[in-house]
Structures are given as structure tokens and as C-alpha cells.
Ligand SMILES: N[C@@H](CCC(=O)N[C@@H](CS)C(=O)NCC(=O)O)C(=O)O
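Next up: just one chain, as C-alpha cells, the form predicted on its own.
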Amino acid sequence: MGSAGNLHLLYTCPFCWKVRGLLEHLDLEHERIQVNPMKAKKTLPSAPEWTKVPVWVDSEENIFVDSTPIMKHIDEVHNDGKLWASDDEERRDKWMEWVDLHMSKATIPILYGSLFSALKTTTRVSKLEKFGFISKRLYAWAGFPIMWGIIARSRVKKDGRKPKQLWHDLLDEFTDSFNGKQFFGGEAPDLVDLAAFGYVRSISPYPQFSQLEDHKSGMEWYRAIEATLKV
């Protein structure tokens, strides 16, 4: 079997982690193309109309954008839509929207919610992403106070909870929706599970992930999905 396509990504992007998890869960052969974040507007195949990652280019050179639509497309083409299929579409749609709204917004506070966290995160990002020599240092030392001061601090203040408490509350709410099953999808993970898993997994390269690891039901669910990945 040949390659299913190319995934243009940033290694530290939560939305890219979502698509990566699906590809690994389905064991689809694909190529990952790391984008220089300073040159995305010029190098992405979807530019200039769409300058965000992830971008999926299938084997016929068709371009797809936006993580959740990309996941639905890949599931439909390579898995007969089985992960998105549901006996309760209203529940599925409600929780996919919930995951994309609440979990996505919670990643920045935990990674950049304090000056020390922001410094650790941006230093790590600058090592993982495909920056040039100068832009890497510019991002690491100029980027972190911007992320901390403008975005993360305002989100933490608006929410009123410490980032760890926010994530524990989100994991409580999400796992409580399983109705006693191991996964949101029941006995096996579905696309909602894999989307939520992607957001949680995007925190795993950083020391802050330890703040999630003492959430019992959340980690049991997370490790169970991790065990399904072909990596």
C-alpha cells in the first residue's frame, strides 16, 4: 500500500496532534512535512488562502484544511467512516464541538499560564520546530513573554481556575460522559476520543504534562487510546 498522503504540520501544534493520532490509530502510511512557522504563508500548499496547520494533501494532490474536517475526510476515505458513525449523532456532534471548544483553549493556559511555564514551553518549541538559526532564538526569548502576557494570562484570569484544575475539570466532564464505558465511543475509541486525545497528547512533550498524570480516569482513557496507536 502506498502513502495515503502528506501531513504538513508543526510538531507542537495541538490540531496537528489530532490528525497524527488518527493516522497512527488507522496505521496509515503517510509523510510528515514539518513547516517552518516563520514561512508558513509562503510554503504551505494551501497558502495564501489558508495559512494554518495542519494541511492534508492526499495521494491525488487534493488539499484539505482544518483538523476536524481533515479527520472526518481521512476516516471516510480510508476507514469507511466507521469512527465518525454513531447511533446517537446528537451526542456525538455535541461532544465533538465541546472537545474542539474547551480542550483546544485549555492547552495554552497550561503551557504558557505563568512566566516560568512559558519560558520552558517556548524553549522546548524552539528545539522541536523547524526554525532558522536567528528565528529560533528570536522565538525562544521574545516569543515566551508575548504568549504569556497577551494570550495565556488573559485566559487564566478570565476562567478563574489554575490550569491544572481546569484540565482536571475537563477530564472529569469528558470521562463522565462515557456512561461507564472505557471510551466515549464505547468499547473502542471513536473520532471524538481521538480528537480529545490529540489535545491531551499535545501537552505530553512538556514538563506540564505531569499535572495531568494524576487524573486517574483521564489517564486510564489516555493510555488505553495510546495503546491503539501504530507508531
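Residue positions are given as counts along the sequence shown, with the first one as 1. Since the model is a prediction, treat every value here as computed from it, not as a measurement.
This next part talks about the form predicted together with the named molecule, which is not shown.
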note = Counting only non-hydrogen atoms, the one stretch of 201 to 209, 44 to 52, 166 to 174, 183 to 191 within 4.5 angstroms of the named molecule in the predicted bound form is 44 to 52
Partner contact for F15 in the predicted bound form: the named molecule, 4.5 angstroms, heavy atom = yes
ask   = Can any non-hydrogen atom of D58 be found within 4.5 angstroms of the named molecule in the predicted bound form?
value = no
